[in-house]
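Here's a solo chain for you in structure tokens, the form predicted alone.
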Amino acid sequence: MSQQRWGVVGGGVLGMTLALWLRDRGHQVTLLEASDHLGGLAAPWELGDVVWDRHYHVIVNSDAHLLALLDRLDLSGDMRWVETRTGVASGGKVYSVSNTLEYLRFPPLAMTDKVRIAWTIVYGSRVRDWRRLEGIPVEVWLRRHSGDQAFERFWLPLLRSKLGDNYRHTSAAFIWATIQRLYAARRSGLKKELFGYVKGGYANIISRFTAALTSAGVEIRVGAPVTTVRRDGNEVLVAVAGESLGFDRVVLTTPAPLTARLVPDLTTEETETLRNVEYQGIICASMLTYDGLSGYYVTNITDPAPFTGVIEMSALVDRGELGGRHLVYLPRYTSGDDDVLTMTDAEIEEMFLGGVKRLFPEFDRSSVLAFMVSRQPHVFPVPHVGYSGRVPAMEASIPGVYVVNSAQILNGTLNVNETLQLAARALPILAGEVGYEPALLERPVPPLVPA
């Protein structure tokens, strides 16, 4: 394919990656982002006097696409690997389930339930063809393998925390994808959790990524909200910030409903397909404190709580990077009818801190240095039963217009590695050649940082 003028709409990790790879192939590339910064869901922000990720992220050893990108950005030396611990809040107490022995001692579940849950996870980790699970509701599959009691006491609260009532329509491929990724975080033999992060967090990654784009010759425009994308003769015209930019080809990485609005000349079928993608959103609170909560990186919650779980990032990240403080994320996944969407940040703070106090009675609210709330309506598509048959096409009916977005991630919950994998899958369609794929070989176990 000869050199072409490409416009990439959306400056999240997906748009940044496609822009870099298209530039690698000799094309002129302009990256357009509506906000004043790149990074999207992976962007950092300032919490008190600490700059860290706006949303919680973790790297596992099987994230081959992400690790390959870090290699390219010369960030492999900044990787830190840590063995972490996991807790479960159940029945008013928080229990450690960080190893097999602790799991077997977990009081809220009968031994038969524990055995069946363990079997479900091991079996799911060995399934290779997810498509045969896509036609099975997740509830049916989990009840079949774990039993009714284990489903009600263990799986159902976790599904509701992530999907709300949408779990009723979700396929078993969803839990399969979750099992596949997190099971890979366990070291063979000891089966300990092995999670990683980049020194400096995503502020470091996005900064280095932006520098790589600039060095490669990609034109970056932030504060450039796109209003329409239309074909006009031999060009695709993108209306942005009071001007019209002409390109040979344009790829939109914006969420499906927004894409439907930006490209008014799509067919009725294309527009409806994009509009009908149902997303889970998130309200994610970040809390910077003097004191930690539990020392668990993740605390899963089976009791009623105003948030999905507790992510104590300072149990993973060296606290020296956080000014000696503790950083805690309190995520709540939402759908369009969630009452919390109408609440103010102050109301969310009051509700969430009350929930923390109930889970951790020793928590002192005076230790909170900063509390901020991020709201994102489009995080990942709900993987309904048979979802792969309703995924938007990457090549639009309008010549030179392409659609690549999270709606095309078939059964995951959206992480950076899945985003890069989507970009690699899209590249052959965009550039007409074999896409970039890192070697998916077994990586050696990296050196550990003491937890």
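Because the structure is a prediction, the values reported are computed rather than measured. In case it trips you up, residue 1 is the first one in the sequence shown, and so on.
Quick note: we don't show the form predicted together with a small molecule, though the next part is all about it.
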item	value
Site test, Pro44, Leu67 and Arg72 vs the small molecule in the predicted bound form, non-hydrogen atom cutoff 4.5 Å	no
Partner-facing stretch of 44-52, 383-391, 416-424, 22-30, counted where any non-hydrogen atom is within 4.5 angstroms of the small molecule in the predicted bound form	416-424
Candidate from Ala172, Val236, Val226, Leu274 lying within 4.5 Å of the small molecule in the predicted bound form - any heavy atom	Val226
Interface residue in the predicted bound form among Leu194, Val218, Ile117, Leu258, criterion: non-hydrogen atom within 4.5 angstroms of the small molecule	Leu258
4.5 angstroms heavy atom contact with the small molecule in the predicted bound form for Val401	no
Contact flag, Val13 vs the small molecule in the predicted bound form, heavy atom cut 4.5 Å	yes
Ser146, heavy atom within 4.5 angstroms of the small molecule in the predicted bound form	no
Tyr333 within 4.5 Å of the small molecule in the predicted bound form, heavy atoms	yes
